[in-house]
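Below you'll find only one chain, the form predicted on its own, shown as structure tokens.
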Amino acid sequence: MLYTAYGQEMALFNTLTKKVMVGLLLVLAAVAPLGLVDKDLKLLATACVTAIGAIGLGLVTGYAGQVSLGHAFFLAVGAYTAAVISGNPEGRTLGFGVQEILIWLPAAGIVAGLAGVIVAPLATRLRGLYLAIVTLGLVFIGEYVLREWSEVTGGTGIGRPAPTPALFGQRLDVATPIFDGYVLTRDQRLYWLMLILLVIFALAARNIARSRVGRAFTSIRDRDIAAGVMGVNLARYKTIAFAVSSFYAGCAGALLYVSVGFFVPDSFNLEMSVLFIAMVLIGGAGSISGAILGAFFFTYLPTLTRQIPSDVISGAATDTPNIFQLQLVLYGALIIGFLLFEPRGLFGLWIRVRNFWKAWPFKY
């Protein structure tokens, strides 16, 4: 397509085909609860929330080029901030009894974002592998603090109840009759909530990426020294990248707590950070759509591998090899495979397919 103006190229949906396809996809996603069972809706809701976290990591790693292995730490900050605000004041753990999602969800993001701002100065002095190792240290520090701070986390192996989502006084995590005996189940209501939030967070991230801030991120990623010479304030924009990414992670952690229903302090470990890195790399670094694709892919991968017959590979964790070991091998193999053959990830594969059909029947 030939663009005649910069604004036309940077438009949110710059072709009619994109507008139609996105519209159809949203309509299909909106009516999905009418044809899917609760088990599938819960998985979809979890995928939507995971996608929010992956988008946040994609902003700091894919767009700004700051490799962060501490994403699990920011997820934990958001999850437990929401749990404390929403928790029972008379329970065994700390709680303030505020169940309104319009309060605890932004609060979870803001507290995690402030934690990101505290870490950001390190990013102005370090880069590449050194920055990755420093952010990795956050995960281990966070694990230790969370294990010891039982008043907030509930303690190792015990945990605490997830935040209670209520909107304008109406709880969203309970089934509600609406008309003629039809009942909206918990999973239907939570799925719609997570889907709406994913759309909001994705549009916000896409707008950041195509703004002045997004262009500064890209210049820092491509060559930070050159960006600084051209007048890009490296300290300022790296701080913004970490703050925005941590805000997304905090919100995702709080929503993931609601969707999954249970976490213990040890859940926010190195494996979770690596999993989010894998989502960004395999989905497609530097792309909002790629982060969403990667999140959905990794959410559904365990479900797909569990379909393998037990006479091929055992489903018991005590056997070797088992299905869980196969999943870890697949994670590593997919990362290596995509980095070698398609660094743009699943989004790059989609671009290849789209370009093939646009040029068909000609090769070029």
Partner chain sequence: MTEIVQILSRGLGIGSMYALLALGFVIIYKSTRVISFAQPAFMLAGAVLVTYLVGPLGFFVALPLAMLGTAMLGWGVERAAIRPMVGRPAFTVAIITLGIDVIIRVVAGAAIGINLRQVGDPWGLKSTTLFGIEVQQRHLAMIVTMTILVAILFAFFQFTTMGLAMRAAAYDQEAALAQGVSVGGVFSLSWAIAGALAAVGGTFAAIGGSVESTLWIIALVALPVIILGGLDSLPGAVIGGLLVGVVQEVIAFYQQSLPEWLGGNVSILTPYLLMLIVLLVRPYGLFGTREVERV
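Bear in mind that the values here come from a model prediction, so they are computed numbers and not experimental data. Numbering follows the first chain given and starts at 1.
What follows is about the form predicted together with its partner chain, which we do not show.
For this session: Identify, from the list Arg171, Arg236, Arg206, Arg147, the residue with a heavy atom within 4.5 Å of its partner chain in the predicted bound form.
Result: The option sitting close enough to the partner is Arg147.
Problem set entry | Interface residue in the predicted bound form among Leu328, Leu304, Val37, Val31, criterion: non-hydrogen atom within 4.5 angstroms of its partner chain | It is Leu328 that has a heavy atom within 4.5 Å of the partner.
For this session: Look up in the predicted bound form whether Ile308 has a non-hydrogen atom within 4.5 angstroms of its partner chain, and give yes or no.
Result: No, no contact at 4.5 Å.
Exercise. Heavy atom to heavy atom, is Leu340 within 4.5 Å of its partner chain in the predicted bound form?
Worked result: Contact with its partner chain, yes.
Exercise. Hey, in the predicted bound form, is Phe96 touching its partner chain, heavy atoms inside 4.5 Å?
Worked result: So Phe96 does not count as contacting its partner chain.
For this session: Spell out, yes or no, whether the shortest heavy atom distance between Val232 and its partner chain in the predicted bound form is within 4.5 Å.
Result: Judged by the heavy-atom cut-off of 4.5 Å, Val232 is well away from its partner chain in the predicted bound form.
Exercise. Quick one: in the predicted bound form, does every one of Phe140, Leu281 and Gly332 get a heavy atom within 4.5 Å of its partner chain?
Worked result: So, yes: the whole triplet contacts its partner chain.
Exercise. Since the chain is shown here on its own, which stretch among 105-113, 76-84, 269-277, 180-188 would lie within 4.5 Å of its partner chain in the predicted bound form, judged by heavy atoms?
Worked result: Careful reading of the contacts points to 269-277.
Exercise. Are there residues in 209-235 with a heavy atom within 4.5 Å of its partner chain in the predicted bound form, and which are they, in order?
Worked result: Residues within 4.5 Å: Arg223, Ile225, Ala226.
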